[in-house]
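Shown next as structure tokens: one chain only, the form predicted alone.
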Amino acid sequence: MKDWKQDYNEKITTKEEALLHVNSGNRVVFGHAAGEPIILVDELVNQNNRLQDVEIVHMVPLRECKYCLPGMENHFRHNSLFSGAGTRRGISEGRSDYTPVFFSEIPRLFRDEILPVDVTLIQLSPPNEDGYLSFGISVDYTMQAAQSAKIVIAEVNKQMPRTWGSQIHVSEIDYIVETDRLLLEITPPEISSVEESIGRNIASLIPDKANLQLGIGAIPDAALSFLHEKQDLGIHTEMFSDGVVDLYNQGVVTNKYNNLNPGKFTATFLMGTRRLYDFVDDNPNVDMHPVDYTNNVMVAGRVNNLISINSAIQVDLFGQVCSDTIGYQQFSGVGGQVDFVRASSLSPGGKSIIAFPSTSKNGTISRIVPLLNEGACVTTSRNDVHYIITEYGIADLRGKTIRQRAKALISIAHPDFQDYLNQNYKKNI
């Protein structure tokens, strides 16, 4: 049997040679978010003149997506599973596509060959003494893409942290490009007074010993800032960022009552600063799993006191939540929102929270509306919704009639829009 070190060395190549194995008509899946193998992606774009009709599939982009720019449409067709700043324009102008899918079900698209994978471009940590490489900060769908692809091209980055939980052996990789570069980072956002008020309202619903699902951004960070007096919190989430590290160092997050994985942070991808990446590097208390484990309703729903915290663009008086479109424009994606809304509903002691500022565009538009805008898609249905939070309070919609829901939502809308909402309520509900 070939020694893995010999196998590894034989697979090392240049980025130029590695990307020659992508052919016209291929479907290529990129590693996700901060785990994007940018050296490989940029080289694929550099080789655009020899390629036609290459389908590129991935979720959140953190940088410019040159394959979506005008002039690239004959070479690349982007299929977005979660729209972002680099891909929205391409989708709205018809050069790219968007595929609606729950985050938890993306691995199944690859595994069941609903979207057969020709090539996957991934970023990994260097191998350990047994020849296993870690998926680092992006396990999510990336692991299944590697398992399903006909060709696996890996950027092995010395600065990718080795995380526990999910790995790939050298023998499962076809081509290796070694690098030593900084990872993509997300700077913690500044928190406004509105977001502070929302965070305080969220924190009031979180008891000691709760297990949290939270994302990235000002509202989750604001909520974390009000949890310093809590005890024995745990993390079972699709992702976490730097704010959780502070709570861990202060002894607030212990994961002691994470009954599914006691003592462990459970996540599927990470976005943050180098401080976060250093924290998770070879940390046995951080378990990284594929998204069809972390976000699986039947898995996460077994976690006691699971509190899910998500956001929205609009909520109407029926309790319908729109989180991924602005009218007809695809703004983001469903991601893991519905996965965790439903998991927290199954969880003993669980709570689902949708939190957002009451207005947008400098207070000129209410985000609580009589009915979702024309073209807007329902992300979380009125049957699933539980708590809605703004800076003006908390509306508990579970078990409420349509009229009770409307009144509760109007009470937490911005005061400037309450008369307007009341008029529509009396007219239409």
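We number the residues from 1 along the sequence you see. Since the model is a prediction, treat every value here as computed from it, not as a measurement.
The discussion below concerns the form predicted in complex with a small molecule, not included here.
Taking the small molecule as it sits in the predicted bound form, is residue 238 in contact with it (heavy atom to heavy atom, 4.5 Å or less)? Although the small molecule is absent here, residue 238 would touch it in the predicted bound form, with heavy atoms inside 4.5 Å.
Taking the shortest heavy atom distance, is residue 367 within 4.5 Å of the small molecule in the predicted bound form? Heavy-atom contact with the small molecule at 4.5 Å: present for residue 367.
How about residue 255 - does it come within 4.5 Å of the small molecule in the predicted bound form, if we only consider non-hydrogen atoms? No.
Consider residue 286 of the chain shown here, and say whether it contacts the small molecule in the predicted bound form, taking contact as heavy atoms within 4.5 Å. Taking the distances in the predicted bound form, the answer for residue 286 is no, it never comes within 4.5 Å of the small molecule.
Taking the partner as it appears in the predicted bound form, which of 149-157, 243-251, 332-340, 119-127 has residues with heavy atoms within 4.5 Å of the small molecule? Stretch with heavy atoms near the partner: 332-340.
Can you work out which of 201, 314, 305, 134 has a heavy atom no more than 4.5 Å from the small molecule in the predicted bound form? That would be 314.
The unique member of 301, 215, 319, 86 whose heavy atoms fall within 4.5 Å of the small molecule in the predicted bound form: Selected option: 215.
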